[in-house]
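A lone chain, given as structure tokens: the form predicted on its own.
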């Protein structure tokens, strides 16, 4: 569970594929229509201390729109500090989480979101979904019944009836601007996203790792290891074509498979230190199988 939590903490958050000006315009429209009473734009984490843990990440991949390149780009930011042993640990700073657009509370959404459960009860109460990534969230609604962003807005009722009515009363230009704003809150392919990993302020087209050209600089967790993974690089396949192979040639060192508490002689996924028969393949008690 620790590993799962660590992974989810550091997973890059969805991005806005547009300029800061268009983001402000969209957020202002949501505010004017009363949407942010439930779709709270930002959340602030208090710094560590007085019962707060602060930001428990050691890095983040900040993703923003590069207007000149007309694309999303990432930037690796260090959030860590160093302990007495020289190991990295979270600095626990305060942090403003932008663009969440949710209060994470449950609200009565009216008949448009009514659902009958197995017991025959009609439920209209749902948790406010975050809107980051909503532009690529097709189909929409908890039940996936809305095929457009406009339709899911028009289904709002109950506690959100006034916001729905404000959207209907808005001009066609304002409605279109709001829908464009929502559509740009998007997901992206993390592994292919161009990103500045080495902190030089630019995205290299020939990013070198362990002396090998890995192509366009991008976020790859294996590049962040204490011993970065070295790939095979350019390779001629059986058709005679040259392709870039990402097969690791120093896997043991990069993944620490030779560390005392990770050595697994019989390759049964049980490290020797807790394996009763470390040279016999099988479960932990392989010698008894």
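Just so you know, these numbers come straight off a predicted model, no measurement behind them. Positions refer to the first chain, counted from 1.
Below, we refer to the form predicted together with ligand HEC, which is not included among the displayed structures.
Contact check for residue 159: a heavy atom falls within 4.5 Å of ligand HEC in the predicted bound form.
When contacts are judged by a 4.5 Å heavy atom cut-off, residue 77 does not count as touching ligand HEC in the predicted bound form. Taking non-hydrogen atoms only, residue 167 approaches ligand HEC to within 4.5 angstroms in the predicted bound form. Ligand HEC is not drawn, but in the predicted bound form it has a heavy atom within 4.5 Å of residue 38. The candidate spot formed by 195, 212 and 245 is out of contact with ligand HEC in the predicted bound form: none of the three has a heavy atom within 4.5 Å.
Of the residues given (98, 142, 93, 180), 142 alone sits with a heavy atom within 4.5 Å of ligand HEC in the predicted bound form. Considering ligand HEC in the predicted bound form, the lone stretch of 142-150, 77-85, 200-208, 187-195 in range is 142-150 [heavy atom distance within 4.5 Å].
Taking ligand HEC as it sits in the predicted bound form, the stretch 97-128 comes within 4.5 angstroms of it through a non-hydrogen atom at 107, 109, 113, 126, 127, 128.
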